[in-house]
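Before any questions on binding or motion, here is one chain by itself as structure tokens, the form predicted alone.
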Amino acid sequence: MTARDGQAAVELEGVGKAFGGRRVLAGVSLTVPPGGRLGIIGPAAGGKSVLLKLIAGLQRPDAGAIRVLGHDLVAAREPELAALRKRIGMLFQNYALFDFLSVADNVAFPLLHAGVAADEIDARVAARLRAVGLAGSESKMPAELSGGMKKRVGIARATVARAELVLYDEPTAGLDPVTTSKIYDLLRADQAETGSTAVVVSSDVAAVAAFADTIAMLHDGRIRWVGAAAGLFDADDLVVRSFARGEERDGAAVLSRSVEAARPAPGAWP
């Protein structure tokens, strides 16, 4: 069964996660339809990356339910998770490149793991590297790359296998505005070609709002707001609106000034 059979591509219900007694997620509920583009924003160190790792099956929740591409991740055993991960592409915030592999071999890794023929691997790797502006860098090693170049290699690797679900953790962090625009153009083109579902965590609120059809704000371990990307900058919630506009990017000052006024409306996203 796949997400194309009718159910949500990603569904989280009451997901909780803590590390060393520190609560990171406290009842997160979200649904992403097949082919959807969800952007997740929120204060730094607020659990956004943890949420992506839970969706990818790289970590287990302490509470709640997670269903991805028709699989119950809480009940799934490792062989099932391993098979599911082949259908998921992921860009890690810290690049997660293999230091001992060249740029081309890093990008080719998901295809090798999937058993794709060698000649097809070469063609697809070359095409992905051209798309991210790294043609001619195939033989370079990660240590020879700038941070921005490593990010683009990570994006090429995350998209080369044409996964059903692609998770991007800060895809344009450290990139200039022109490259950021090109990267999001690439993500749009890739999704249009494959019909994939995309979940993007980003601190570049304006850029991710222009890409996503839906935005969710993670705040204090919960989804504080979710709605159409077009409505983000005029949200009724004071904290959400101020964060989106960059007036209070950490949200803390707004909360301390007007806790009651900034409460989510009753009946908001569960």
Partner chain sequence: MIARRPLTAIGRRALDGVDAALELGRVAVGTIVGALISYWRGPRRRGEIARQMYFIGNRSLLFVAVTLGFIGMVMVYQTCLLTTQVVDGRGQVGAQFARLLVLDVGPSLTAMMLATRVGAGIAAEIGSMKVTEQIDALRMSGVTPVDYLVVPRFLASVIMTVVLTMFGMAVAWGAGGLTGYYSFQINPRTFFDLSMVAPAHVWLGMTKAAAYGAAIPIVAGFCGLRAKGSSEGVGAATTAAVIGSSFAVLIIDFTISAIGLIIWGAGL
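Residue numbers count along the first chain shown, from 1. Small disclaimer: the values here were computed from a predicted structure and weren't measured.
The form predicted together with the partner chain exists for this protein as well; it is not shown, and the discussion that follows is about that form.
Requested in this report: Could you spot which one of G36, G221, G227, G57 gets a heavy atom to within 4.5 Å of the partner chain in the predicted complex?
Outcome: Answer to the contact question: G57.
**Report entry** Partner-contacting position among A118, A82, A75, A173 - heavy atom within 4.5 Å of the partner chain in the predicted complex
**Finding:** Exactly one listed residue reaches within 4.5 Å, namely A82.
Query raised in the report: Want to guess which of 67-75, 181-189, 124-132, 99-107 is within 4.5 Å of the partner chain in the predicted complex, heavy atoms only?
Result: Among the listed stretches, the partner-contacting one is 99-107.
Query raised in the report: Looking at the partner-bound form in the predicted complex, is Q93 within 4.5 Å of the partner chain by any heavy atom?
Result: Because a heavy atom of Q93 falls inside 4.5 Å of the partner chain in the predicted complex, the answer is yes.
Query raised in the report: So in the predicted complex, does any heavy atom of K53 sit within 4.5 Å of the partner chain?
Result: Yes - in the predicted complex, heavy atoms of K53 and the partner chain come within 4.5 Å of each other.
Query raised in the report: Does I88 reach the partner chain in the predicted complex if we count a contact as any heavy atom within 4.5 Å?
Result: Within the cut-off, so yes.
Query raised in the report: Is any part of 187-215 within 4.5 angstroms of the partner chain in the predicted complex by a non-hydrogen atom, and which residues would that be?
Result: Heavy-atom contacts within 4.5 Å come from no residue here.
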